[in-house]
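Next comes just one chain, in structure tokens: the form predicted alone.
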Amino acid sequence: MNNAIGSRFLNGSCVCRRVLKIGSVRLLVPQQHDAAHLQRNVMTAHSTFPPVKELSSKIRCSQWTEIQRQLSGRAGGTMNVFDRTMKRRQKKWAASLQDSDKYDYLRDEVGSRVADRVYDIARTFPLALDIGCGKSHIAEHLHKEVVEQLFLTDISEKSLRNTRESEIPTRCVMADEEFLPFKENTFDLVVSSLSLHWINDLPGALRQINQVLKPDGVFIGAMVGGETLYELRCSLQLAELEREGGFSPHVSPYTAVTDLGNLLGQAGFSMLTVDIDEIQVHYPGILEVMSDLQGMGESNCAWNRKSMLHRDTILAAAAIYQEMYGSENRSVPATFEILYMIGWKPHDSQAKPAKRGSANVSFGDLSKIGQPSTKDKS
């Protein structure tokens, strides 16, 4: 049902569609109906958005995003793996910590690597969008010579208030990554870092990213891959099997790298690039691993998660973690598999593959390169 309503809204057949203009960007919001039918907040419209530090109550998601967020937060929906309401609470709690900056090491590192991929493209982007920006971990590594203006979105209002200073002019919009409130063909660049692995409908989210991009626009993203935290997952499963006779999922399911290229292609992207990075962080023990994940706002939010761990199970898991993966200095590793993706929105100016059968050189001839010819032998 969510997908059907969303498609009607995006293609303009929904009767409640109207356009709200903020600066040079137009956002899609539904018309206000009677209070009994729809009671929700509307994004405050301004010709220019004030800096995030001055927004107070003015950071608001669009009406449509609010409806979709509520639909996504209920169990039983299509592809509803994650409790998005719980994830929003986790991010809010993590951003409220007084020492929250000490948990940003992974996001800062991945954000800098996404920024490096932006610099690899030899062009200037007049208008860009950062989806799931957090504290703007990508923007702090970019220069205004590369990105002239940047829109930041996140489901956590607290994170938007804590965004770091950047030389790039930025505008903040509280919006769900699954339901982007922007008009089609708006942005020259869309980036995302460590946010898309909490999406329920990842194919639909990628299609929306493709829609908001201008033709020949590029999407550069990073998300957590399927082998992330395999040490923690294995240790908890073995401990629960030993102490409780069965196990529950304590680490969220992640996307496999083998599926990512197909998802980007189905979303309409061309000239795809997918690569993998592994970042290994060493901790004193399993409790520190779990504490840092909570401080990052990366705790499990799957609907089938177990609400608590027994003390005996945690102690057993800590012993198993140390025995199976511990190093000589008694520290334990936690591996984060990061999937990087680059996809372009099709345009006539882009290079296209040659027609089948048009090649004038055989692959069999490649082995003969560098070998002396018949004349040389004679």
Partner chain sequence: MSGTNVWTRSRERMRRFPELFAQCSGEAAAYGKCVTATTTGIQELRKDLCGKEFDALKTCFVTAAKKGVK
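Numbering follows the first chain given and starts at 1. Since we're looking at a predicted model, the values are computed, not measured.
There is another form of this protein, the form predicted together with the partner chain, and it is not shown here; the text below is about that form.
- Considering the partner chain in the predicted bound form, the lone stretch of 288-296, 171-179, 265-273, 121-129 in range is 288-296 [heavy atom distance within 4.5 Å].
- This chain appears without its partner; in the predicted bound form, the one residue of 279, 95, 302, 238 with a heavy atom within 4.5 Å of the partner chain is 238.
- For the residues 227, 242, 109, 259, the 4.5 Å heavy atom test against the partner chain in the predicted bound form is passed only by 242.
- Taking the partner from the other structure, the partner chain in the predicted bound form has a heavy atom within 4.5 Å of a heavy atom of residue 320.
- Though the partner is left out of this view, residue 316 does reach within 4.5 Å of the partner chain in the predicted bound form, counting heavy atoms only.
- Although the partner is absent here, residue 347 lies well away from the partner chain in the predicted bound form, with no heavy atom inside 4.5 Å.
- None of the heavy atoms of residue 352 is located within 4.5 Å of the partner chain in the predicted bound form.
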